[in-house]
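Read the single chain below, which is given as structure tokens and is the form predicted on its own.
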Amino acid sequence: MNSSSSYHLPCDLTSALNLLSEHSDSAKIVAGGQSIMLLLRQGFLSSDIFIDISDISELSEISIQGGAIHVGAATTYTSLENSLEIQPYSVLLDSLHVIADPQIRNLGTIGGALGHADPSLDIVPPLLCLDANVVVQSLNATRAIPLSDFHQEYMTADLSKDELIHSITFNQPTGIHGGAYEKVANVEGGWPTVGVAAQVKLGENIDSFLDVKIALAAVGDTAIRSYSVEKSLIGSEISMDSIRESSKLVCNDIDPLDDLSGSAGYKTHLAGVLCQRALVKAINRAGGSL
């Protein structure tokens, strides 16, 4: 923040949206500030107006409405992790347990993460597996955007200058279901070299897949759904052979890069291994046995 910048702490959503509408070309929304402050320090971002939404109570609420979970954009990772409403969602809890350290989790917010749109964020693959929607709001309109469409390019979210992220919503899974998130990182709590989320719905006899969702972090310009693995497993009987063979198909959907975390080849191999692990854990959590 430079000496000419101004800081605003509105106490209600309407005030925040009015400020954003008035200063949309030069304003930035902040809450925990974990992502935006890093960009400011590195010189990748500048702004004249900072609008802090952390005091707006409705943006920090977690609720169940009509069978759907609603998570306010200013909800911190720690608040989400400790909320009773989220306890049934093991795929989401797994990712929250491995995000950075307690200090970051106490300040970082789910809306800030989704607005930042980094493809290496742990929180995004589990939300993709839950078919989450991002609710964005301007002074005059509200939009609900599937998370799968919200991030379309590297570090780019479908968010206009006069809009802020209001909440994230997803339906409660039905039937016999389980989920898991597996990741490998160079340091504990660090950015994932690869992260894989799995959410499964099993048949009545717990011996077949009725539905499968697989999503990955750090293997493309955005978090990625692996439709090849999903299509291979849906309708099939549960076995280690089917899981091993289907997990190999993850290479059809990802496009990792060589970087300091590892080579593209290593990440592709790791994606398949983690896909297997996440599927096995999700099946066992649903009551299956592998």
Partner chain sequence: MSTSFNSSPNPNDEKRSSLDAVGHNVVKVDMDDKVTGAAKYGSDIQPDGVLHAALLRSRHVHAVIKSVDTSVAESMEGVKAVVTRDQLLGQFDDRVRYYGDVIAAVAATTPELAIKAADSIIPILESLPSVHDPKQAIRSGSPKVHDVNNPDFGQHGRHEFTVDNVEYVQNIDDYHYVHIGDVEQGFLEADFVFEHEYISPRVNPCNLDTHCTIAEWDGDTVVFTETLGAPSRSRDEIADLLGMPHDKVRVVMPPVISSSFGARSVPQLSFEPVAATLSREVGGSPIKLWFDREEEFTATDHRHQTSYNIKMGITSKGMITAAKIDLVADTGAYPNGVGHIVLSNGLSRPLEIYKIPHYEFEGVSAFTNNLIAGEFRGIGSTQLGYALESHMDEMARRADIDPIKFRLMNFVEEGYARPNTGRPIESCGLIECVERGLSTFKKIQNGPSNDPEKLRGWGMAAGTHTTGLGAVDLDSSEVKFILFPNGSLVVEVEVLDHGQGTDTVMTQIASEETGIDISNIHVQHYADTDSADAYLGSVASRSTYITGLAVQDAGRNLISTIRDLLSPLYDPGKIEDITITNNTVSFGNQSVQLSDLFDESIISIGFAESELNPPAYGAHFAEVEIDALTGHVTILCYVAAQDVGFAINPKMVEGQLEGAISQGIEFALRSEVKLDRGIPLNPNLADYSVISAWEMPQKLICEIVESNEESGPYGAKGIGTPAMPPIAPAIINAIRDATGIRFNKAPVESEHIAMALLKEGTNQ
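Residue numbers count along the first chain shown, from 1. None of these values were measured; they are calculated from a predicted model.
Just so you know, the form predicted together with its partner chain exists too; it's not on screen, but the next bit is about it.
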item	value
4.5 Å heavy atom contact, H23 to its partner chain in the predicted bound form	no
Contact of G265 with its partner chain in the predicted bound form (heavy atom, 4.5 Å)	yes
Contact of E188 with its partner chain in the predicted bound form (heavy atom, 4.5 Å)	yes
Its partner chain contact at V273 in the predicted bound form, heavy atom, 4.5 Å	yes
Contact residue in the predicted bound form, chosen from L202, L96, L147, V184 - any heavy atom within 4.5 Å of its partner chain	V184
Partner-facing stretch of 23-31, 218-226, 256-264, 58-66, counted where any non-hydrogen atom is within 4.5 angstroms of its partner chain in the predicted bound form	256-264
